[in-house]
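Shown next as structure tokens: one chain only, the form predicted alone.
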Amino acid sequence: MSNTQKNRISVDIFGTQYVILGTEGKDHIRHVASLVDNNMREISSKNPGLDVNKLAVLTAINAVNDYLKMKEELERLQTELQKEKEL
């Protein structure tokens, strides 16, 4: 059995209520939901004809794209730092 406490929280994303269950703190879960909601609203405002499914997919694509860019930057900085340590 796991001792990890799970938090259950209700959040609103793009007008729909979701119950999120996770090990992160409630404030963190609320923050993530708020970022997703904001991103969906931003994309929707620029593409008002999109249905919610396409909007969700575009939001996911943007989020993964941002994640990969940050991951690549982190790896670049870690490599740079390692090179500096070797000098």
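Position 1 is the first residue in the sequence shown; the rest follow in order. Source: prediction; values computed, not measured.
Below: the form predicted in complex with a further copy of the same chain, not depicted.
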> Is there a non-hydrogen atom of K46 within 4.5 angstroms of a non-hydrogen atom of a further copy of the same chain in the predicted complex?
Replying inline: no
> Using heavy atoms and a 4.5 Å limit, would one call I9 a contact residue for a further copy of the same chain in the predicted complex?
Replying inline: no
>> Using a 4.5 angstroms cut-off on non-hydrogen atoms, would N38 count as touching a further copy of the same chain in the predicted complex?
In response: no
>> Can you work out whether H28 and a further copy of the same chain are in contact in the predicted complex, taking contact to mean some heavy atom pair no more than 4.5 Å apart?
In response: yes
>> Only counting heavy atoms and a 4.5 Å limit, does any residue of 11-36 reach a further copy of the same chain in the predicted complex, and if so which ones?
In response: I13, T16, Q17, Y18, I20, E24, H28, H31, V32, L35, V36
